[in-house]
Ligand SMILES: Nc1ncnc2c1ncn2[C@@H]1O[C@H](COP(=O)(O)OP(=O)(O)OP(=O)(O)O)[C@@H](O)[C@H]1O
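Only one chain is given next, in structure tokens, and it is the form predicted on its own.
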């Protein structure tokens, strides 16, 4: 069995640059990454090193300039429909600023995670309520985001990410907008739910403390991924 076949994610030679006029800025120069199903990784690096860009490529939001990317055994083509299908069926996103829709209730925000996955499955309501229960918000289904604390809003975002049983969860600074105690609680909820579901989890962060909770930690330096050296 090859590495591509045995790994949930296999990225090789991923490169990404941006242009401002004639000036090219290379963000990712040669990213190679292998990850197993159910594994959790903290992806560290200072601001501007390309962490969020790499997450966007893995999640099918952006395309790489070159390189190959296999996810769940399939080559991820860079055509728009393939990327949309990948986002819809394989990926759950958790963002630093929650990205909840203010005019929707907690229930409706989580339901949107299923709606993005295609036609609503039978038992959608039960799936949403179960996800809210898993993150400790079973009594908040009729609340609006403005009525919740930051930690509660992030739990709603986690429920939205896990409601469709995505095999890959991508979290971009999920605790960066929370106080340390609340951030610790939210992180444990996220890690616990991914472990139970067997989802691969990548957490982009500048906080090295998060790496104490994940299976593995990597750092982005000069556009390449390197293993973190234990302190």
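Numbering follows the first chain given and starts at 1. Fair warning: this is a prediction, and the values are worked out from it, not measured in the lab. Only the largest set of C-alpha atoms that superpose within 1.5 Å between the two forms is called the rigid core.
Beyond what is shown, the protein has a form predicted together with the ligand; the following relates to that form.
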query = Just one of 51-59, 31-39, 161-169, 184-192 has heavy atoms within 4.5 Å of the ligand in the model of the complex; which?
reply = 51-59
request  = Identify whether the ligand in the model of the complex is within 4.5 Å of every residue in the set 18, 27 and 47, based on non-hydrogen atoms.
outcome  = yes
Non-hydrogen atom contact residue 96 with the ligand in the model of the complex at 4.5 angstroms = yes
ask   = Going through 180-216 from first to last, which residues have a non-hydrogen atom within 4.5 Å of the ligand in the model of the complex?
value = 206
ask   = C-alpha of residue 96: shift of 2 angstroms or more between the shown form and the other one, rigid core aligned?
value = yes
CA-CA separation of residue 96 and residue 53, closer or farther in the model of the complex than in the form shown [shift of 3 angstroms or more] = closer
